[in-house]
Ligand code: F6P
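First comes one chain, alone, set out as structure tokens in the form predicted alone.
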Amino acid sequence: MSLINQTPAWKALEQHWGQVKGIAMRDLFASDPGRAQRLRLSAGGLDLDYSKNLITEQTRSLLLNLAETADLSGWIGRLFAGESINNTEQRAVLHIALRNRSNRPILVDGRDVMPLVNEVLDRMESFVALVRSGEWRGFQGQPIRDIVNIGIGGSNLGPKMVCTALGAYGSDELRVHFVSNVDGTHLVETLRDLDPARTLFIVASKTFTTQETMTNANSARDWLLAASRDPAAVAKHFVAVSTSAERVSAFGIDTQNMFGFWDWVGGRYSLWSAIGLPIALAVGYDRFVELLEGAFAMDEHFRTTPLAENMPVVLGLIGLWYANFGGARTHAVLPYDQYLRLLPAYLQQGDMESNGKGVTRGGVAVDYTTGPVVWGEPGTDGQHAFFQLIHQGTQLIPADFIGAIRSHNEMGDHHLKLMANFFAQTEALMRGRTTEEALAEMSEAGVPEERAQLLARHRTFPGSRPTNSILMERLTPYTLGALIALYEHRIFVQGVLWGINSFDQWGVELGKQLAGVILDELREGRVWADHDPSTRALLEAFIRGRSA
């Protein structure tokens, strides 16, 4: 099969970019009064306005033709049917089964996985009830006050982001903390003010061998035992999210308190599984179910809606339009909600680990851009940091603005000011400001003509900088679930169009392998393996420094 960029559909888009790249976005609105209403979509409690993009009706038609060329509808069907679309690992990709609130059968190798999913959810519900009610007691007979989740990657980023995003639904009676970095500072600073007798650890590692996670878990166990002086205390203060009962038991955790998941759940898509246990503890099991329901609503929209009105499809196509034809190399995610401050970091893994690939599913090297660099900060902090580059820099940076109509913390006119900036920034990025407009503004302000002429080019904004605006009534577990699922499916759409496997991550393995060898050298205090000259010199300097 030929690469997607060799198809007539791709070639037509290449030619089309040359036709539209010089069009002013403000002119698109001026010539089409109905544009703003026509280029809007709603699903899962989210409203998307994608009218501030450099696209025409012909653009949409050509992008949809590319989707048909890539058989996007067929791939969506395969995803939901439980086919092994992760071809390099020969696995199904069924995070959608974890939030399948219809409970309709989803088959893997002819077996319905829903009874397994529901069994784990039932066990999570019972455990959460014990801890939140105070029935679960520590080694001194006291209820739990602090939960410490120990994991890394998807076992950390997803639950941590969701717990932060749903901070308005949490309680001071039960605080949730996250430790991921193998840097001992992370664990030490987290445990500094905690009481071992009232702390519960969740160790999240599928194999119970992840180096960073198990190093932190072993040190946390030492911290507990230093206080309790009783190995039996481990079973009261540690639970596991894992599939290795033998290793969990050897650690000292009662396997009755082990919550499993499956190889068809990728780490960066796993917050919907038992990996989400800290979420359920933080906000309650019922709220966790609302999160699943929001994601399910977006799943159903994605599964059943025609491509032209399908929100994840539209966002995926627009992103590809800029990456592959407009030369964009990054994508900014800009949440105008402090609770969503970790969303960009979460999406970095979701997108960059999924689509940071250079070969197709068949192993053919691609010669076109795949995954973008995803980045961002919450508004209005970003406006005082990097928005200058988006407005007047030489790079094309598509951006998603995400906001809520109502805040959980209405204080004076704070939220109105926040959202005034949200709307103003998207308008300014779209409209820009011509040199003539800059001169007129300065003339009206009384700036001398010579000075105005000097400043005019500096105060000119090119405009036509693309943005998507995503609004929700309020950030709730339901709308958050829909928002996360929206981006998951957007990533999938782009992976299908690029012809890559979005669900493996072989690129993280080589560094892990080399780190194992280097760790042995650092422990021995000598360099004996075959390294490049730079790495050898760095290792020797480090070892000398440690010796001194």
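No experiment lies behind these values; they were computed from the predicted model shown. The numbering used is simple: start at 1 and walk along the sequence shown.
Keep in mind that the form predicted together with 6-O-phosphono-beta-D-fructofuranose (F6P) is not shown, yet the notes after this line are about it.
Where does 6-O-phosphono-beta-D-fructofuranose (F6P) sit in the predicted complex: which of 265-273, 293-301, 423-431, 131-139, heavy atoms within 4.5 Å? So the stretch in question is 265-273.
Identify, from the list N355, S469, T210, S464, the residue with a heavy atom within 4.5 Å of 6-O-phosphono-beta-D-fructofuranose (F6P) in the predicted complex. If I apply the 4.5 Å criterion carefully, the residue I get is T210.
Pick from T164, Q349, T190, T305: which has a non-hydrogen atom within 4.5 Å of 6-O-phosphono-beta-D-fructofuranose (F6P) in the predicted complex? Checking each option against 6-O-phosphono-beta-D-fructofuranose (F6P) in the predicted complex, the one that comes within 4.5 Å is Q349.
Residues R35, L39 and N53 are flagged as a possible site; in the predicted complex, is every one of them within 4.5 Å of 6-O-phosphono-beta-D-fructofuranose (F6P) by some non-hydrogen atom? No: no residue has a heavy atom within 4.5 Å of the partner.
Is there a non-hydrogen atom of N501 within 4.5 angstroms of a non-hydrogen atom of 6-O-phosphono-beta-D-fructofuranose (F6P) in the predicted complex? N501: no, not in contact with 6-O-phosphono-beta-D-fructofuranose (F6P) in the predicted complex.
Report yes if any heavy atom of S155 sits within 4.5 Å of a heavy atom of 6-O-phosphono-beta-D-fructofuranose (F6P) in the predicted complex; otherwise report no. Because a heavy atom of S155 falls inside 4.5 Å of 6-O-phosphono-beta-D-fructofuranose (F6P) in the predicted complex, the answer is yes.
Do S205 and 6-O-phosphono-beta-D-fructofuranose (F6P) come within 4.5 Å of each other in the predicted complex, heavy atoms counted? S205: yes, in contact with 6-O-phosphono-beta-D-fructofuranose (F6P) in the predicted complex.
Q505, heavy atom within 4.5 angstroms of 6-O-phosphono-beta-D-fructofuranose (F6P) in the predicted complex: Q505 belongs to the contact set for 6-O-phosphono-beta-D-fructofuranose (F6P).
Those residues of 32-56 which, in the predicted complex, come within 4.5 Å of 6-O-phosphono-beta-D-fructofuranose (F6P) by heavy atom: The stretch 32-56, when checked against 6-O-phosphono-beta-D-fructofuranose (F6P) in the predicted complex, contributes no residue at the 4.5 Å heavy-atom cut-off.
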